[in-house]
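In the form predicted alone, a lone chain appears below as structure tokens.
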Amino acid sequence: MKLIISNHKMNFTLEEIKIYVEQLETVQSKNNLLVFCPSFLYLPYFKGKNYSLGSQNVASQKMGALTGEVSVEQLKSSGVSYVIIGHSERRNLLKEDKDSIQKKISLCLENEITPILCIGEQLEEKNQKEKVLQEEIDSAFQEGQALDEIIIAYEPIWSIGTGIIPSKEDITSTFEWIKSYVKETYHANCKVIYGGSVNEENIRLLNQIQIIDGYLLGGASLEIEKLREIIKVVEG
């Protein structure tokens, strides 16, 4: 069973999300686990459906005086089961640091929410890819935690929003390296999913790569028909 995680980012007005959720009722998936990560404002519209609820972020402290943030306890009480952590947009644009990412992962694991740790290299880092990914994994993982519960989302930053994806060979070797490194270093068996310009046109190519445990969708998840096509291909 593969995961299909939809990251809506900062999209949809209130009226648009109501239409989206209504259209979503026509989307069915038998063999995949669908997870939707809408804006915080729209979490209630996705609650209690036949798919899982995710959040695009979580505060780095448990609860209290932190204006504008949303705590792990608030998310849990709202039915959230997954949280995206360390997305490249938050790392690079909002200057989210490694310490904050590690704290967020710890809070999620303590509250039985599955963290989705995003890792990936910039275009100029392609020749140092393994070094970059290792640093991002090491700074997020802590010994003694339920590390098997962490989902790793490999998103080459140069691919996000460009429509360009790595070759089958590159993706396969990268996934083999990630899974091997996590297994040998932390004795953990983490699911690893792919993100970065996944769409209805390249999903057939991606789905031929057996080592991929699922997909993190961005723009393609905003249109129901594109999402429906992706699910159809992944289910085979």
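Treat the numbers as computed from the prediction; the structure is a model and nothing was measured. Throughout, we count residues from 1 along the sequence that is shown.
Same protein, other form: the form predicted in complex with a small molecule, not shown, and the subject of what follows.
Residue Ile160 is the only one of Ile119, Ile160, Ile151, Ile101 with a heavy atom lying within 4.5 Å of the small molecule in the predicted complex.
At the 4.5 Å threshold, heavy atoms of Ser60 stay clear of the small molecule in the predicted complex, well away from it. Looking at Val198, you'd find a heavy atom of it within 4.5 angstroms of the small molecule in the predicted complex. Within this chain, Gly214 is remote from the site of the small molecule in the predicted complex, having no heavy atom within 4.5 Å.
Remark: Arg228 does not count among the residues lining the small molecule in the predicted complex, judged by a heavy atom distance of 4.5 Å or less. Heavy atoms within 4.5 Å of the small molecule in the predicted complex map, among the stretches 91-99, 152-160, 109-117, 132-140, onto 152-160 alone.
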